[in-house]
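Before any questions on binding or motion, here is one chain by itself as structure tokens, the form predicted alone.
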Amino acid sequence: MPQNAENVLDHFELFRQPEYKEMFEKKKQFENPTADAELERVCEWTKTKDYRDKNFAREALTINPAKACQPLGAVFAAVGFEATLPFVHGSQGCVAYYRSHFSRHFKEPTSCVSSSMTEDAAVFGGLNNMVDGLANAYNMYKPKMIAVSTTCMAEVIGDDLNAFIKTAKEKGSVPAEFDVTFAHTPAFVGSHVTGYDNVMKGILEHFWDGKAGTAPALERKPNEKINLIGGFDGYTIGNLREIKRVFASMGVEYTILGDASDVWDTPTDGEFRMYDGGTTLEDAANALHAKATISMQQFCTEKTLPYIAGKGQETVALNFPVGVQATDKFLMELARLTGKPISAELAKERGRLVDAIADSNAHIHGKKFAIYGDPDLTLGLAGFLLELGAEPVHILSTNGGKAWAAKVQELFDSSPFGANCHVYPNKDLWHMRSLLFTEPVDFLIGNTYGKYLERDTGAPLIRIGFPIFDRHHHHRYPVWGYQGALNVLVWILDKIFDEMDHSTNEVGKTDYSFDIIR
């Protein structure tokens, strides 16, 4: 049936029409004329141990990495500050990717501008783009601060952000005292967590070291607050609100550095909020005088935490605290730093989580899992699975290095359930495919891109991570703390029960132990 105004077909149905089937068949014959039998033979070979050995031996090629580039993390860090506009020095196409990635995950618009660099800027440099871009951004969008980062193009040609911003101020693009922070975030090295780290450090340097030069001196007062840095986190809305509740329960004064929980959760009430919430610029400056800083994700703050420690503050680095032990550690550190007792409310929540784990232990104990994603996320989830009596057999992180791998191995060594578990730093999802075929597991945990692995290998996917495009509103739920662990437990159990249902749906053949009768 042809597409027309009276019968509009969505993409699910449109490409199943005869004309498209014919087009795809011709395309296949043109691009890959390999005989079906040979294609099938090669496909089957890629599932073998022999192919796995060759796959793991490759050095110069990455296939489907489980990471994004630095500027994505740069934008994430920037939007967490009051009325701050992320300004990416690079092409419009790059910035469109960052905006769409966040908007598709959080289901909210994401404000971000670019300096619109094109071919001429790549040859002659992007100074003029910076001068005009800052002027336009300042006058059109009325931010309180602009946070500048870079893409590949600006880094390859060596644009100097500090010098460019100073020149733009001299030319009147923005007032001399206006806050413009900067961080170099080359997309061809590191990942989104590196970009987050670079921008967070750049913003703190701006206020704490006076890098702005002519920025007005915000009133700074010594305080007993605890700073908290959440890191790059697809659950930032649920997690930061949960952490605020924990702080309130213990009577802790705090500053969350980079609080994007309201930016990506604005109400629909007739008012467009380009900026909402965020850490105030005054709080960002006064955070220098806090008692200590806690990072919820060590590998998201590898530069920021040492910088803070160099200012004389005590720092604590955690690894995505999911589960009983990880939350215990967070709360005990909080109690130690503040001298405040862990509240009875939180103690009761701990007991409820332990009870829920005991209720469901029989269904999870001994199950084998594979996990991929960011370093701290995978560490936190692996720890929780071991706590549940499960076996996180394959832990893979494209942006996890040797230090991360050593920490995961230490975690494995601490539990009898970790004896047959392995960690894979700097590996990609094509490596994970080989692992799932040669050493199958019961379940796979990762972001939306794991659905291709699920279809290919048959490993059921539990969607936890970033980005999640094909399920809505999971980001509103916390995964940190006792309440967050309960959410993760439910998501895991739901998938387990779904698989039980799928394997017991043949009447008179497999339905004898259908779970509803017990």
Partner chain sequence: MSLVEPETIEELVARNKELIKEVLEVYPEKTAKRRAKHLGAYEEAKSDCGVKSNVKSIPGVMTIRGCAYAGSKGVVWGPIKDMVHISHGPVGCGQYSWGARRNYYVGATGVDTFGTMQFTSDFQEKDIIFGGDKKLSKLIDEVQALFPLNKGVSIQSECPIGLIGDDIEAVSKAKAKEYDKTIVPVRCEGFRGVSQSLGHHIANDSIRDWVFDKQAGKPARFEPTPYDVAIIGDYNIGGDAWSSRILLEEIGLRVIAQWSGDGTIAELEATPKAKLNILHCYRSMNYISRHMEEKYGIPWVEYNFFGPTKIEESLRKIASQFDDKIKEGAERVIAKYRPLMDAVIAKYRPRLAGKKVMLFVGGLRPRHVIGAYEDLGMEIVGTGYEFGHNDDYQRTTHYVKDGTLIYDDVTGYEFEKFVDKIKPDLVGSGVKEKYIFQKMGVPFRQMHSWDYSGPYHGYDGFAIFARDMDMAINAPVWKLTKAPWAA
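We call the rigid core whatever largest set of C-alpha positions still superposes within 1.5 Å between the two forms. Residue numbers count along the first chain shown, from 1. It should be emphasised that the depicted structure is a prediction, and the values quoted were computed from it without experimental measurement.
The discussion below concerns the form predicted together with its partner chain, not included here.
Novice: Looking at the partner-bound form in the predicted bound form, is Cys152 within 4.5 Å of its partner chain by any heavy atom?
Specialist: Because a heavy atom of Cys152 falls inside 4.5 Å of its partner chain in the predicted bound form, the answer is yes.
Novice: Might Gly418 be said to contact its partner chain in the predicted bound form, defining contact as any heavy atom within 4.5 Å?
Specialist: Result no; Gly418 lies far from its partner chain in the predicted bound form.
Novice: May I ask you to check whether Pro267 falls inside a 4.5 Å heavy atom distance of its partner chain in the predicted bound form?
Specialist: Heavy-atom contact with its partner chain at 4.5 Å: present for Pro267.
Novice: Residue-level contact is defined here as any heavy atom of the residue lying within 4.5 Å of its partner chain in the predicted bound form; does Glu19 satisfy this criterion?
Specialist: Yes, Glu19 sits close enough to its partner chain in the predicted bound form that at least one of its heavy atoms falls within 4.5 Å.
Novice: Using a 4.5 Å heavy atom cut-off, which residue among Ser249, Asn162, Gln409, Ser116 comes into contact with its partner chain in the predicted bound form?
Specialist: Contact residue from the list: Ser116.
Novice: Val79, Ile395, Val148, Ala187: which sits within 4.5 Å of its partner chain in the predicted bound form by any heavy atom?
Specialist: For this set of options, the contacting one is Ala187.
Novice: Could you tell me which of 309-317, 282-290, 374-382, 188-196 sits within 4.5 Å of its partner chain in the predicted bound form, going by non-hydrogen atoms?
Specialist: Going by heavy atoms within 4.5 Å, the stretch is 188-196.
Novice: Between its partner chain and His422, Pro425 and Met500, in the predicted bound form, does every residue show a non-hydrogen atom at 4.5 Å or closer?
Specialist: Spot residues vs its partner chain: no contact at all.
Novice: Just give me the residues of 95-130, first to last, that have a heavy atom within 4.5 Å of its partner chain in the predicted bound form.
Specialist: The stretch 95-130, when checked against its partner chain in the predicted bound form, contributes Ala96, Tyr97, Tyr98, Arg99, Ser100, His101, Ser103, Arg104, Lys107, Glu108, Pro109, Ser111, Cys112, Val113, Ser114, Ser115, Ser116, Met117, Thr118, Glu119, Asp120, Ala122, Asn129 at the 4.5 Å heavy-atom cut-off.
Novice: Honestly, after the rigid core fit, is Val507 moving at least 2 Å at Cα between the shown form and the other one?
Specialist: It does not, since the Val507 C-alpha is displaced less than 2 Å between the shown form and the other one after the core fit.
Novice: Is Pro33 among the residues whose Cα moves by 2 Å or more between the shown form and the other one after superposition of the rigid core?
Specialist: Where the cores coincide, Pro33 still shows a C-alpha shift between the shown form and the other one that is 2 Å or more.
Novice: Superposing on the rigid core, do we see a C-alpha displacement of 2 Å or more at Phe15 between the shown form and the other one?
Specialist: Yes: Phe15 shifts by at least 2 Å between the shown form and the other one.
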